[in-house]
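The chain below stands alone and is given as structure tokens, in the form predicted on its own.
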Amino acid sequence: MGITIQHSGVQQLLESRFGQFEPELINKLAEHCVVRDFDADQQLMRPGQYFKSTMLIVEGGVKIYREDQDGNEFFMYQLGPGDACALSMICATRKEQSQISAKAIEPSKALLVPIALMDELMTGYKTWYYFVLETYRSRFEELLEVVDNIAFKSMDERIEFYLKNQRKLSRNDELALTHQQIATDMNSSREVISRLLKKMEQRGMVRLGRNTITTLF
């Protein structure tokens, strides 16, 4: 893991990213939690790992994915600032091993909330309780969208959906993505992705650059 940040700056990060939390909750988290830095491509979670804490993203972006025995990745969803990983919450609370992987897609910061604090937070702070419920709901809906895309949509429609999500998370029309990154996330080949992106460019939907894709739709 990266460098640990443990000072009054934790409270400032919480106030900027989780403004819905009541002041007492922010003080509690700042007192008992730490923020850790993660480099781009650094692993945050691995299959078989037990959790001593759950994580809230305060800066950057993290992708959640499944990995088979051959190392092939299946992209599930992505977390941005203000998001929490529902699966890490469940595994941490139930003391179960992780079945997923998580990797920082850019330099990121995550707030680590100790397991020992979870029950107290759920019963003592309404904003945390509703935050956890909303986290479960949001991640479940994202997984349903992934299933719908695989089951009912063509590959070019799936790419469009993927790029929309990336734009939403980055808050930028210009995305720092390679064709290989998209292929890995979508469990496809780079050649297929490149061909479909070229067609999208011809239709005026995207503009392709060197390791960048600008969305125009």
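Fair warning: this is a prediction, and the values are worked out from it, not measured in the lab. The term rigid core refers to the most C-alpha atoms you can superpose between the two forms while keeping them within 1.5 Å. Quick note: we count residues from 1 along the sequence shown, nothing fancier.
We do not show the form predicted in complex with the DNA, though everything after this point is about it.
**Prompt:** Which residue among Met45, Leu169, Ala30, Leu177 has a heavy atom within 4.5 angstroms of the DNA in the predicted bound form?
**Reply:** Of Met45, Leu169, Ala30, Leu177, the residue with a heavy atom within 4.5 Å of the DNA in the predicted bound form is Leu177.
**Prompt:** Since exactly one of Ser188, Ser53, Asn149, Gln49 fits, which has a heavy atom within 4.5 Å of the DNA in the predicted bound form?
**Reply:** After the contact test, the surviving option is Ser188.
**Message:** Tell me which stretch of 178 to 186, 57 to 65, 37 to 45, 161 to 169 has a heavy atom within 4.5 angstroms of the DNA in the predicted bound form.
**Reply:** That would be 178 to 186.
**Prompt:** Are all three of Gln69, Gln99 and Leu144 close to the DNA in the predicted bound form, meaning a heavy atom of each within 4.5 Å?
**Reply:** So, no: the whole triplet misses the DNA.
**Prompt:** According to a 4.5 angstroms non-hydrogen atom cut-off, is Val192 in contact with the DNA in the predicted bound form?
**Reply:** Contact check for Val192: yes, within 4.5 Å of the DNA in the predicted bound form.
**Prompt:** Is there any non-hydrogen atom of Lys198 lying within 4.5 Å of the DNA in the predicted bound form?
**Reply:** Lys198: contacts the DNA in the predicted bound form.
**Asked** With the cut-off set at 4.5 Å between non-hydrogen atoms, does Gly209 touch the DNA in the predicted bound form?
**Response** Yes - in the predicted bound form, heavy atoms of Gly209 and the DNA come within 4.5 Å of each other.
**Message:** Using a rigid core superposition, assess whether Val206 undergoes a CA shift of 2 Å or more between the shown form and the other one.
**Reply:** Yes, the C-alpha position differs by at least 2 Å between the shown form and the other one.
**Prompt:** When the two forms are laid on each other by their rigid core, does Lys63 show a Cα shift of 2 Å or more between the shown form and the other one?
**Reply:** No, the C-alpha position differs by under 2 Å between the shown form and the other one.
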